[in-house]
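Next up: just one chain, as structure tokens, the form predicted alone.
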Amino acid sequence: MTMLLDRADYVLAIILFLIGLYALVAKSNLIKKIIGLNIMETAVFIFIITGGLARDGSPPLVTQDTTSPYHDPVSQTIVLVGIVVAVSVTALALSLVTRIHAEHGTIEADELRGGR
């Protein structure tokens, strides 16, 4: 149990990912599917950042003490790029949902599959 509590950040990322996956698979509303996708992206960002953290680490600054562990700045850079991609994908998806609503009058995936 203590090992699970030591990795609570990983557990949180997994739970968030599963919540997003549920929303993406089980919901019919396209906006809810986009929200589920955003929750999944956030879980992946948390997972990547957590992987770059060192126990008792410090920021990666140049100091006299080079023996202490530091947090990996590469994971933070990857997450920044991922956030830009995630915002772009969300904007594109929302514009497509707007276009679908204008064409078909609904944003429910079940109604779109069944036709009118």
Partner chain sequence: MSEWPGQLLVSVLALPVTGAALCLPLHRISDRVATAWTLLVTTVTCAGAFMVSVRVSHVGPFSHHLGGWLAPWGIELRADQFGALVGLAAPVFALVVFYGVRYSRHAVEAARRGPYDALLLINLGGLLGFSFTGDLFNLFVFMELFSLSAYALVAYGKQKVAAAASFRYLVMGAFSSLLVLFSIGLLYQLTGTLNMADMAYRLADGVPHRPVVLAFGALALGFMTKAAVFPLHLWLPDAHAAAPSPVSAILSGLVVKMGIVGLIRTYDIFQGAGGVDLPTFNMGLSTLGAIAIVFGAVLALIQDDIKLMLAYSTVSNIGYIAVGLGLFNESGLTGASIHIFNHAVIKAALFLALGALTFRTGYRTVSDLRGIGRRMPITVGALSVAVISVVGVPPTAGFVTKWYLAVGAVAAARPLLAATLVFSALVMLIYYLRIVNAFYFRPAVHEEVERAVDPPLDMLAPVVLLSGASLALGLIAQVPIGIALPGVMRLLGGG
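Every value quoted in this text rests on a predicted model; they were computed, and no experiment measured them. Residue numbers count along the first chain shown, from 1.
The same protein also has a form predicted together with its partner chain, omitted here; what follows describes it.
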Given that the partner is absent here, does A93 sit within 4.5 Å of its partner chain in the model of the complex, heavy atoms only? yes
Considering only heavy atoms, tell me if I100 and its partner chain come within 4.5 Å of each other in the model of the complex. yes
Given that its partner chain is not shown alongside this chain, does L21 nevertheless sit within 4.5 Å of it in the model of the complex, heavy atom to heavy atom? yes
